[in-house]
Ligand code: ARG
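First comes one chain, alone, set out as structure tokens in the form predicted alone.
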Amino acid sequence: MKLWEKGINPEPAIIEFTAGRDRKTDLHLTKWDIVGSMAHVIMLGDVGLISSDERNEMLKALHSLFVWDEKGSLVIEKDVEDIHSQIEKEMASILGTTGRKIHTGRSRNDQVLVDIRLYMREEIDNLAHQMQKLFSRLQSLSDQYREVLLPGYTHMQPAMPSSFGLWFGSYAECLADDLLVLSAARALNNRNPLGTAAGFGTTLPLNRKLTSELLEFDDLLYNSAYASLSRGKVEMAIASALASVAQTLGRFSMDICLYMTAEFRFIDFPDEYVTGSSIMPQKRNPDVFELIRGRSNVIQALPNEIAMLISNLPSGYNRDLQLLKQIVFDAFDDVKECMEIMLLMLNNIKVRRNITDNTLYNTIFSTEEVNRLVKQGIPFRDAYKAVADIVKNGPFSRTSVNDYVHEGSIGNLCNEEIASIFSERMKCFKNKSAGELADKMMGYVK
């Protein structure tokens, strides 16, 4: 079954190629296609395009399909092109003529758009809550090891005293800013395209604001032509947010790989969390973090991949856009998997103490020696030159975290303030589940 059939049997190879991976990818959208259809049916009844009895019958049938899908029983049949066609086929099978009215006032274009936006809203919110778990763990580690000194590096050379508290906390604040980028992508995504049809509206008296309220969108996509143009723009924004998260995961993973080397040994993990070599008995490999780093690098290429896909497309729908679904859906899965395994690893991380007792790191306290002279009234540049002359001979007095008092330093991490920022930014990630929305729609059955 194809929604565009006109009595001509299409060449099977054409259907197979143009459908691509949709038969598998569309299963991500099933529950949202049903929920979007429920909102559409309520609206059709509200404007008088279907009767109250037809609305009630269609809502009940759609809800039964929703339950069927939750049990894993709703599949795309072999001769059916996509999930939209399957659901329409099921509705016709259940309700006959009434079921065939479900497509009134919409195109497959706006139907797909609303499904994708609802799906991506849920994925965005799920990712935000997963980020919250990782953020909390990083902050917990920052608090736990706030007084454990760690050499800070610039240009890959020992530079100044740092701490595990500062290091863990820096990546927590990274996630807070990643969350801000994700919230912007959510706001761009959370506007309703339903009712724009094929991109040119319809002569039917639709109430698009009603479907927006039912589906809990922030607002409409007003211009019908822009609804099609927005496809790719929203995915680009989401891809950029995912790339931002991936950059944080990737850089943190690189630090872990470095700090686990025999030359550093700043951190470690239990034997069951590392891998080995088939030939070298001593090897303890950070494979998990190498894979997170690699997968994060691939995700960071996603905005460019989308840009190449949508660049120079004419306005209106073009089949190229079909390819967006798979790459964005896969990226969500990749980021979530990386975060899940990273959280598992961080729940088992071992931190080495007394690292800076090693004489190798004597010179990292030289800047603090300059500052001690400055506090005595010596001009900074003179103090710098004096300390530079004795750097080779050291050692210098060790720094304590208590010597640092300004906001964001190793003695004043401001973790509470960062947590407050994160908590405030989490407030927008509050969508209802598909099941909750479906139950709300059933309240219109009378």
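From 1 onward, residues are counted along the sequence shown. This structure is a prediction, so every number in the text was calculated from the model and none was measured.
Form predicted together with arginine (ARG): not shown, discussed below.
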Any idea which of 108-116, 178-186, 203-211, 268-276 reaches within 4.5 Å of arginine (ARG) in the predicted bound form, heavy atoms considered? 108-116
Looking at the partner-bound form in the predicted bound form, is residue 319 within 4.5 Å of arginine (ARG) by any heavy atom? yes
Is residue 123 close enough to arginine (ARG) in the predicted bound form to count, meaning some heavy atom within 4.5 Å? no
Proximity of residue 231 to arginine (ARG) in the predicted bound form, heavy atoms at 4.5 Å: yes
Answer with yes or no whether residue 88 is in contact with arginine (ARG) in the predicted bound form, where contact means some heavy atom within 4.5 Å. no
Pick from 325, 101, 295, 146: which has a non-hydrogen atom within 4.5 Å of arginine (ARG) in the predicted bound form? 325
Is any part of 73-100 within 4.5 angstroms of arginine (ARG) in the predicted bound form by a non-hydrogen atom, and which residues would that be? 82, 84
